[in-house]
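Next comes just one chain, in structure tokens: the form predicted alone.
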């Protein structure tokens, strides 16, 4: 269970931050990241299990518990903002941390605060990134609301076959329906074009093809592992 604490120089003067945290199966992204993300990863919509509201994610691996299929170079250097802020949260205009997140250490990594108790460089970067995420969440909600109100979101069935008969089915994922998008009336098309939503919708729909790349790379890795054993 997470152990949240408000971040303060008094309490966390000696706390250090490890640059690389654990990489999850998927992680959230904001619309300003869609252009970069779509070049290497599938952008999907999924529902918050508690509220039922949609949010946008990128898929990093085909299965929970597995490492990301594409390394940093294969993702063109793309690191989702949510990963950069792993362990940090905004709470009532303050920064909170999950003290049990493995990114935090008392012996390894960069110090969060300087000797004069000011935010160190790594913490200033996190503060900046959290600010971008906060603004981005509002933009995400507006985009998803527009897609929902115009009935453009559709569930996607994703089934993959791998070496040795392994099958993986990804559930609870949604994308943008191109058929529905193409049926919008002219006024809505112009509205979406001017707001940037049309381009974002195509990026989400087009990024589905990245599943083929992920599945192929995972299968190649399984083949290589089989040949060496």
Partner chain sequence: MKPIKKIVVVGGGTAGWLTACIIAARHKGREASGFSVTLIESANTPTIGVGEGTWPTMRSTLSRIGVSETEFFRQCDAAFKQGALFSRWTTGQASDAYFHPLMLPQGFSHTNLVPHWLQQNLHKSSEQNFCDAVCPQGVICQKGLAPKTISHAEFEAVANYAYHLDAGKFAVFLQQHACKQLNVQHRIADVTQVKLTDSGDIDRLVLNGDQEIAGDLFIDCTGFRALLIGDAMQVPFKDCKDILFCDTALAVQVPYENEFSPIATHTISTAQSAGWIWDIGLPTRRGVGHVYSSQHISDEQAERELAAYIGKDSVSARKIKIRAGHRETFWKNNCVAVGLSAGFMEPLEASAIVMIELSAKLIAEQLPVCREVMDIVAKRFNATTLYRWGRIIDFLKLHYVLTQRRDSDFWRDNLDPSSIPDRLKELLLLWSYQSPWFHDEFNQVEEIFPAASYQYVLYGMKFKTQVEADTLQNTAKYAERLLRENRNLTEKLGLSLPYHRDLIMKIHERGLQTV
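Positions refer to the first chain, counted from 1. All values derive from a computational prediction rather than experimental measurement.
Omitted from view is the form predicted together with its partner chain, to which the following refers.
This chain lacks the partner; the member of 26, 34, 54, 197 within 4.5 angstroms of its partner chain in the predicted complex by a non-hydrogen atom is 54. Taking 153, 112, 81, 126 one by one, only a single residue has any non-hydrogen atom within 4.5 Å of its partner chain in the predicted complex, and it is 153. Judged by heavy atoms within 4.5 Å of its partner chain in the predicted complex, the contact stretch among the candidates 113 to 121, 88 to 96, 145 to 153, 128 to 136 is 145 to 153. Using a 4.5 angstroms limit between non-hydrogen atoms, residue 161 is distant from its partner chain in the predicted complex. The shortest heavy atom separation between residue 64 and its partner chain in the predicted complex exceeds 4.5 Å.
In the predicted complex, none of the heavy atoms of residue 179 sits within 4.5 Å of a heavy atom of its partner chain. In the predicted complex, none of the heavy atoms of residue 188 sits within 4.5 Å of a heavy atom of its partner chain.
Of all the residues from 24 to 48, those having a non-hydrogen atom no more than 4.5 Å from its partner chain in the predicted complex are 47, 48.
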